[in-house]
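This document starts with one chain, in the form predicted on its own, laid out as structure tokens.
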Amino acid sequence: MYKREQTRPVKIGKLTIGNGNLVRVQSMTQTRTHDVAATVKQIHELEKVDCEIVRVTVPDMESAKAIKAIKKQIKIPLVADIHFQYLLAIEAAKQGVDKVRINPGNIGGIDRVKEVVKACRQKNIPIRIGVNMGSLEKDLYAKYGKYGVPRVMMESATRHVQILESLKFYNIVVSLKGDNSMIAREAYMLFAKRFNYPLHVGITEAGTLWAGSIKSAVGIGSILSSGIGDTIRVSIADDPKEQVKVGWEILKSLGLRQKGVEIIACPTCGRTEINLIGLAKKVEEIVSKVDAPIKVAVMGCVVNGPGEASFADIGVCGGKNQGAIFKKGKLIKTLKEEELLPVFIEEIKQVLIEKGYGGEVKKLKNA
């Protein structure tokens, strides 16, 4: 088990990752970075769903020079994603970017790397080394073959790290992403055994919203549950806001971060005698904007309902055309099915107030 507190601390803007700090959720814009208005608009949308770090692509000098204007209008740290062109990294640093994603081994000779390191060192900007199983060095691939991809990824990352270390630059973050969850996990494990740099975790090109969310949950979750990972990005082919939402759900499910209300609901079966799925969806929608660490249970019958509700702050359990409301496992009310939702929401309000989150009550939709 490799604990997050073993990694080095790295500062990205106002945030510090590694060294036991919170695992942060990040995403990437889909706009043309030189279009400042469109890029800022999308970042603001990401901020609303609690994205904590955002990356933009920097394919040209116009995009690099846009960073200063973007930075002035956003609150979260900004990362520049750069490939091959070292001058873009230098310009991004001049413009005040908070982190640079670049692989030292693919931007030319050591003199070019030195210039990038110099620019980053002056501004205390970390460099993220981003290894991707889709673009590995041919000599390493030839050495280990297709069955040795995790080793190839680890050695590729090692090469890039050693270039920076040779220049006495240690302000480093590393990622070893692959579209295969188990290959990526093994690569991260191998790297974590050798280095203590903070790790950015993701399953790249995971797929569409539904399939990609599942693959990301399995891959990122398995890596994080091994004690590895300091930031995460869910790479699904959808609106980047969805990437952030899935990322938060992964952290919540592992108990690493609590964001919003946690709802547990049974899948229903032949014993269910109320519209449990409809009730659960309505409750989820009503509390969707509330940011308070409470657990709400919506259960279908008496087999597991009361027991599950005992682990929740507030719960409802269905019966024959009726339901019971439990508070910390204790029965407090029994109501007709049509009365359940409004009364249950009132009880959720009381729980929020009792726990010191009264200010969140106004965020209940239609409350």
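It should be emphasised that the depicted structure is a prediction, and the values quoted were computed from it without experimental measurement. One rule holds for the numbers: they count along the sequence shown, beginning at 1.
There is another form of the same protein, the form predicted in complex with a further copy of the same chain; it is not shown, and what comes next is about it.
Heavy atom within 4.5 Å of a further copy of the same chain in the predicted bound form - the one residue of E91, E115, E155, E262 that qualifies: Checking each option against a further copy of the same chain in the predicted bound form, the one that comes within 4.5 Å is E262.
Residue among V290, V161, A119, I183 with a heavy atom within 4.5 Å of a further copy of the same chain in the predicted bound form: By the 4.5 Å heavy-atom cutoff, the listed residue in contact is I183.
Distance check, R32 to a further copy of the same chain in the predicted bound form, heavy atom within 4.5 Å: Yes, contact at 4.5 Å.
Residue contact check: I110 to a further copy of the same chain in the predicted bound form, 4.5 Å heavy atom: Looking in the predicted bound form, residue contacts with a further copy of the same chain do not include I110, since no heavy atom lies within 4.5 Å.
P342 within 4.5 Å of a further copy of the same chain in the predicted bound form, heavy atoms: Result no; P342 lies far from a further copy of the same chain in the predicted bound form.
Any non-hydrogen atom of Q243 within 4.5 angstroms of a further copy of the same chain in the predicted bound form: The answer is yes: Q243 has a heavy atom within 4.5 Å of a further copy of the same chain.
Partner-proximal stretch of 67-75, 92-100, 230-238, 161-169 relative to a further copy of the same chain in the predicted bound form, 4.5 angstroms, heavy atom: Going by heavy atoms within 4.5 Å, the stretch is 230-238.
Partner contacts in the predicted bound form for 43-62 (non-hydrogen atom within 4.5 angstroms of a further copy of the same chain): Sequence-ordered list: T57, P59.
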